[in-house]
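Given as structure tokens, the chain that follows is alone and in the form predicted alone.
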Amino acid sequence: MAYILVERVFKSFRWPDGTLLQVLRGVSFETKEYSITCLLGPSGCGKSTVLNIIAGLERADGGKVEVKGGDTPSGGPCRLGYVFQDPRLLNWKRVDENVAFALKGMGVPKGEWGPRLARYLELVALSDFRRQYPLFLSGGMRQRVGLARALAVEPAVLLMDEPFSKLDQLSARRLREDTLSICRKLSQTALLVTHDVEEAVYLGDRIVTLAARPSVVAAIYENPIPPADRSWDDPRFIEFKKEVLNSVLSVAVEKSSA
């Protein structure tokens, strides 16, 4: 079993003048196993902070975060993959070298590198570009390298921090479709941070919405449309998107009038 459990997590940051900015105020949710959970909310509400706490890059002020993978002993740490907003590639290394760099960092035996590089570069449709340098790739292709790098370590849980937000509309849509297909193929447990309602409804099997800062969980939705049946112009998809959007907007209105 691979999952993330977040229970009543609080987090504040201190400004240079000593005052505190409360970002998270008792956030609680859990992911669905072998599926994609989306954390949806307005910019600045603390979505990425939640992700960084889960990844161990930030420390919560209070509450509990539990991350477990099916291949680890009970209570033990599990392997995480992380896809950033920016690909964060090493421009002086080729595509395959960038992915291999992650394998080396995670202590994957060198004898496994070749098969993993072949498999995950093929999954993201970059087999023909494995010896190319990042500066010669499009933005969408660079983000595909970032996805391959995160998947190649074969994580129990994949974390994604708005990985499509800086892409053009066509590239972003294609990569969302491919990401959904890849996660289904790998039975990958994943948590995706986004402020895009349509993206959350397309990718998320479970959608957790956050209120504006200081954040609490406003609502949790189970996607009624199976991943294999999701289509951008399906009336069910459009109706569910409206439901989630109205909920997010209503929370924003309540917050602004409070």
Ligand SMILES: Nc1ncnc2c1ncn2[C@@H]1O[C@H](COP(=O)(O)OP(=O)(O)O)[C@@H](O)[C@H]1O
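Position 1 is the first residue in the sequence shown; the rest follow in order. Given the structure is predicted, the values throughout are model-derived calculations rather than measurements.
Absent from the display: the form predicted together with the ligand. The rest refers to it.
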TL;DR on 228-236, 27-35, 198-206, 48-56: the one with heavy atoms within 4.5 Å of the ligand in the model of the complex is 48-56
* Asked: Any chance W15, V23 and P42 all have a heavy atom within 4.5 Å of the ligand in the model of the complex?
  -> yes
When the ligand is considered in the model of the complex, the residues of 212-229 having a heavy atom within 4.5 Å of it are R213
